[in-house]
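Have a look below at one chain only, the form predicted on its own, in structure tokens format.
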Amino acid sequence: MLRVLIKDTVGKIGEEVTLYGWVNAVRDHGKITFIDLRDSSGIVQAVDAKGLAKVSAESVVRIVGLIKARPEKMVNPNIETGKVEIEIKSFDVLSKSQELPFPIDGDGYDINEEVRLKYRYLDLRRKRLNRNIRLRSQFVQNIRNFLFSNNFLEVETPLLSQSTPEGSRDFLVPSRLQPGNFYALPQSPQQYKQLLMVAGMERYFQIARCMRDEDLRADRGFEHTQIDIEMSFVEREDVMNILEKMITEVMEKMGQKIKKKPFPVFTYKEAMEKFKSDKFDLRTEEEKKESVKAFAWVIDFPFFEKDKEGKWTFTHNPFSNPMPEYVSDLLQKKNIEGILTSQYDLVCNGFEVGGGSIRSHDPQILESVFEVMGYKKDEIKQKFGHMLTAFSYGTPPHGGCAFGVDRLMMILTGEQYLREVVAFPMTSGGRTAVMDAPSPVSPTQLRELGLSLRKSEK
């Protein structure tokens, strides 16, 4: 007999079916036992009047039973299958569960973070987390559907690449075949997606995994997922318009209320004067209670700022184009503090959820950016020569954006911590869930990589 999902039992009254799942709860009333059976589609009540079901909660079982309509007074309006129940004909325990290390019937907020992440596979059985992960999948699917319907091409880019300055520390991977040399894990697919524009792909996207070795926060981890997008033959407003359409369509499809459409637009200067921040929250207290989503654009950012050492660095992205009226200043290396970039950020409810820009496609402009930052000609050639060469073969004007899936999901679900919307997040101390990493490796592995360890200097 083929398996039937629990959600489909409501349409099969009078039929004998085979169900598989987890024992959500057991209620023993002496001569009769009630079992709440759970699978990925829902929960249904099963009734055992023959003494077959000797089982502990969270065990995996198979039930063959007759689907019957519940008496009207026994209908449970709190579950989708509340009008039916299963009369158990046969019952098999496929995998017995021992007592769980923590309860999974509550929200779990009061349970120690490291314990929850050690047994993350159990934590994910929790209704709240299970819902969050499913919403995340639905969100990404809706994004994909929108982009495919607008002629975007999904392209995967490499995870092993060259270390380049993109704003955060790289995670480095030693090469076994090239001893003493290293790959870097991508902070973003920035350079590759621009190279795809050179390649004539015109409209690209990727649900990209990105790694940044930066300090951890409630809304930031070593790993994150971003919706990475790039388009050819566009200006700033073209990109902002299609991205706004995408976010609006997807959010409303998922039942979210948006405060204002089209999204308000603030210059960086206006935002700082009005909100003292470029990541602001436009909602009223009442709108916060109603989980309204208040999106807004921020534009006209300064291109450069001074770092701790007093040197010029980029505020967002070295591959951005300056606004047209500042191209001459950049090429002449003057008025550096006054140059504005074509960057645009999308903020929502006090978070930056996306950012992008019109990119430089002129090798002279890109080279000037790095010269302002203090790079010598040979350094620029070493780290970015591939981009400068590519731009010499006919490069279309292009621009794009990246949206942080994790932050958007925090906003969509109302969660305060990134770990609540990621299947296997890291602890606040940077350790992996379930598996014990980072951890030592064998001397043999180190020898193969040509590496040796020494005590750190304090």
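Values in this document were obtained by computation on a predicted structure and should not be read as measured data. One rule holds for the numbers: they count along the sequence shown, beginning at 1.
Separately, the form predicted together with a small molecule exists; it is not shown, and the next lines address it.
Looking at Asn132, Gln206, Thr81, Ser357, which has any heavy atom no more than 4.5 Å from the small molecule in the model of the complex?
Looking at Asn132, Gln206, Thr81, Ser357 one by one, just Ser357 meets the 4.5 Å heavy-atom criterion.
Residue (of Arg116, Lys193, Lys293, His361) lying close to the small molecule in the model of the complex, criterion heavy atoms within 4.5 Å:
It is Lys193 that has a heavy atom within 4.5 Å of the partner.
Mark Gly400 yes when one of its heavy atoms lies within 4.5 Å of a heavy atom of the small molecule in the model of the complex, and no otherwise.
Yes - in the model of the complex, heavy atoms of Gly400 and the small molecule come within 4.5 Å of each other.
Would you please decide whether Asn317 lies within 4.5 angstroms of the small molecule in the model of the complex, comparing each non-hydrogen atom pair?
Judged by the heavy-atom cut-off of 4.5 Å, Asn317 is in contact with the small molecule in the model of the complex.
Given that the small molecule is not shown alongside this chain, does Gln226 nevertheless sit within 4.5 Å of it in the model of the complex, heavy atom to heavy atom?
Although the small molecule is absent here, Gln226 would touch it in the model of the complex, with heavy atoms inside 4.5 Å.
Contact with the small molecule in the model of the complex for Ser188, defined as at least one heavy atom pair within 4.5 Å: yes or no?
It does: once the small molecule is placed as it appears in the model of the complex, Ser188 has a heavy atom within 4.5 Å of it.
If we take heavy atoms and a 4.5 Å cut-off, which stretch out of 348 to 356, 332 to 340, 383 to 391, 140 to 148 is in contact with the small molecule in the model of the complex?
Single hit among the candidates: 348 to 356.
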